[in-house]
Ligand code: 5GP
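Shown below, as structure tokens, is a lone chain in the form predicted on its own; questions about how it binds or moves come after it.
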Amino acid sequence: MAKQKSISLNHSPEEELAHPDIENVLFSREQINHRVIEMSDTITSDYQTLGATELTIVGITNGAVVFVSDLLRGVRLHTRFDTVRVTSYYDYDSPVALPKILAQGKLRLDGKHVLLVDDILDTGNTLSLLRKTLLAQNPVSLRTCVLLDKKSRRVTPFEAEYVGFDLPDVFVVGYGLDYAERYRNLPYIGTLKIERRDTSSWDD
């Protein structure tokens, strides 16, 4: 399985180019790219060891869109790709409701090796719900891959087989992660300034 990388709170050189709403860059574009390549290689190797020639990757939207697209291109197996949409954050910086599946995938998963991909594992509620939902479709195997793991916020016991970086209890945006649907396009991951969490002050 992929080894986890611990977070460093040191300032990155890329911070000089950061968005003005970003307090601190935690993971630069280069760090993320390098780690995603490592994870893709490990996933390819692990599934080849299982004898799998095809992998079905299911990404959770919207947050995992950027991560899963990069991961997908690095996996050296025949792949099928599907998405599910789940929400619980709305316009807040922590979950405010139990996760709700808004749109399910369309591919059949029975008899398939399935990899569920999300941007961040925090409370464990979303991935626990989706794991149960996908297992009901009788895949041959089901594993989970997340870019960030915030263990300090776990409510429901859950561990992902593949983890990019461990994350302390800080709120981050960028590389697909958002706050009120902004900041997904940032190429790095960083903390958002406290004053920018008041959406009433935003321009339309």
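We number the residues from 1 along the sequence you see. Because the structure is predicted, anything quoted here is derived from the model rather than measured.
As for the form predicted together with guanosine-5'-monophosphate (5GP), it is not shown, yet the points below apply to it.
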Since the chain is shown here on its own, which stretch among 163-171, 134-142, 47-55, 28-36 would lie within 4.5 Å of guanosine-5'-monophosphate (5GP) in the model of the complex, judged by heavy atoms?
-> 163-171
Report whether the minimum heavy atom distance between G105 and guanosine-5'-monophosphate (5GP) in the model of the complex is within 4.5 Å.
-> no
Looking in the model of the complex, any heavy atom of D70 within 4.5 Å of guanosine-5'-monophosphate (5GP)?
-> no
Is the gap between I120 and guanosine-5'-monophosphate (5GP) in the model of the complex 4.5 Å or less for some heavy atom pair?
-> yes
Heavy atoms within 4.5 Å of guanosine-5'-monophosphate (5GP) in the model of the complex: does T83 have any?
-> no
Sequence-ordered residues of 143-164 touching guanosine-5'-monophosphate (5GP) in the model of the complex, heavy atom within 4.5 Å | K150
